[in-house]
Ligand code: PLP
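Here's a solo chain for you in structure tokens, the form predicted alone.
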Amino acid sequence: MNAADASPSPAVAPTPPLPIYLDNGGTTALDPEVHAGLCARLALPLGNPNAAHGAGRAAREMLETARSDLATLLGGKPEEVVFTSGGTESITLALLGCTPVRAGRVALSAVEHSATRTAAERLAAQGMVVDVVPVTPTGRVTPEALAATLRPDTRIVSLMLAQNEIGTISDLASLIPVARRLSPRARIVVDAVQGFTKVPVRLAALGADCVAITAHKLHGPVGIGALWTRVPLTPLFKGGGQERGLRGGTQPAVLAWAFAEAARRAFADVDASARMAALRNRLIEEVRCHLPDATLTGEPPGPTRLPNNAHFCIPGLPSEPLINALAAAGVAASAGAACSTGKARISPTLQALGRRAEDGAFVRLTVGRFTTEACVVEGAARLAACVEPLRRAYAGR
């Protein structure tokens, strides 16, 4: 047989790159132990937690144990914990349920999550005046800026424990007393979705009225969150009276267990924050080694920044092509908050910091409790490999 008669070799598809997950600020993978426990409990003959039979009582016991465990971690009481579908619902319930009379003012920082901004827009449509508290170039609310914004008729003050996009941690211990002094009738709502388990603070002891948390930011499942509240609220919708009448519908007892167990394991892993901070710092070093002109957005690494967050500005190209190139290279990252992706060329948070789309590409890289050093080293190398051809492509535009 000569060469002409030989059959052509079948085309071999290129091997896709091994995935590198650096979007733990968006959502986290399930803790393996939580995953195993979740699967085991889903196989149990559980009933409706509000039923009187044995399967219902088993579900009720699981639900209430989870509620008690979360209350302990928050530093509150079980009856103060309301289960929700996640952080957005918790924030919305806290803000829209705070006051049945739509009068007065609501104050929120310029770097709040889109859930808070959207709820504030609804309050404005119902007659409240929205006041925005400016932030420093690193995203911090100062007591002076908050004091200058608050009024005696401010009825709601919304603050973040930690900013979801750039990782800046708020000094709530200095901010909440200012709100209490200048707006004594205000309800204080804290978005602790990103900071819960990562910022060492007993949230119920801060002096807030409502605190929103969720499971999927701490290696728990998607679809379950909670609102700690020590004040009466108006429900967003009427239902069967579950969750103290604040959230009708059959409660997901197994998800509640998984939430509480993920939070318990996160707190029990006492070295987690230090490990994540070390990995985050190595990631920053690697990115700067490959891309010396990349700059960190927000607070410097340390006690005022989330230990898992690195947010960069990389000049010479826009954000969207870089995020798409990273996805093609097997790197999970984001340009900012997942809830805002695709809605604007630059997020409201970055605008509040005085940043512009023309500054370059903005990319958030976030590690988790199970991220490895090899992951951050390879992730930084792939980031650099994506940046250079894009810079050449955009250089002449």
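One-based numbering along the sequence shown. What you are looking at is a predicted structure, and each value in this text was computed from that prediction instead of being measured.
The protein also exists as the form predicted in complex with the ligand; that form is not presented, and the subsequent description refers to it.
Heavy atoms within 4.5 Å of the ligand in the predicted bound form are found in one stretch of 288 to 296, 257 to 265, 156 to 164, 316 to 324, which is 156 to 164. With the partner omitted here, the residue from Val141, Val81, Ile91, Ala310 that has a non-hydrogen atom within 4.5 angstroms of the ligand in the predicted bound form is Ile91. In terms of contact with the ligand in the predicted bound form, the residue from Ile188, Val193, Leu233, Leu279 that brings a heavy atom within 4.5 Å is Val193. A residue is said to contact a partner when one of its heavy atoms sits within 4.5 Å of a partner heavy atom; Gly97 fails this definition for the ligand in the predicted bound form, lying far away. In the predicted bound form, Gly245 stays away from the ligand, with no heavy atom inside 4.5 Å. Put simply, His216 is close to the ligand in the predicted bound form: some heavy atom of it is within 4.5 Å. Within 4.5 Å of any heavy atom of the ligand in the predicted bound form lies no heavy atom of Gly76.
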